[in-house]
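Quick heads-up: it's one chain on its own, the form predicted on its own, in structure tokens.
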Amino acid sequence: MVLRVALHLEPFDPLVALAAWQRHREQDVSPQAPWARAAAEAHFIGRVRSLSANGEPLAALELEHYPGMTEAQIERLAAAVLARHGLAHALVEHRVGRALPGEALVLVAVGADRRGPAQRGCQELLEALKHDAPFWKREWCGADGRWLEGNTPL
């Protein structure tokens, strides 16, 4: 099992991050490598919405976190999902700080020996990030910031 977690304070390009992850994967082609079991991959890219939870135009979304603790919790969540679904690898890249509408917020990529475990594992990991990762979100509509108490529906 191979796992990578990265948090970004600045905008990041999820397709560039995914391509780098796949290049890293291709460098180790030994049959014993966890990558060798990954005949299927599932990916998800989430971006900041243009409207707030209550329908107002969104100026920015701010995510606060505790450095070190947040990454460790995400690693625990991801490791549990990988084990539960028999996944070979996972990549989680997440934005923190102030993000603008349209900017990438999260990238989740997983690999498995079949599409079913890859798709289910990606979905479960995304939901775990949404509900159990220690992020505190504030929506900015104009000059007013409002802390979010819950998560948006699927």
Partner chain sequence: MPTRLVTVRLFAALRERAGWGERRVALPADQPRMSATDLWWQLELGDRAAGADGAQPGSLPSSLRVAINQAFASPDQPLQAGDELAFLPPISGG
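Numbering follows the first chain given and starts at 1. All figures in this text were calculated on a predicted structure; none of them were measured in a lab.
Another form, the form predicted in complex with the partner chain, is not on view; read the next lines as being about it.
Interface residue remark: Ala88 is not counted as part of the site for the partner chain in the predicted complex, having no heavy atom within 4.5 Å. In the predicted complex, the partner chain sits beyond 4.5 Å of every heavy atom of Asp144.
Mapping the unseen interface onto this chain, Glu64 counts among the residues with a heavy atom inside 4.5 Å of the partner chain in the predicted complex. In the predicted complex, the partner chain sits within 4.5 Å of a heavy atom of Pro134.
For the partner-free chain shown, Leu105, Val106 of 95-118 come within 4.5 angstroms of the partner chain in the predicted complex, judged by any non-hydrogen atom.
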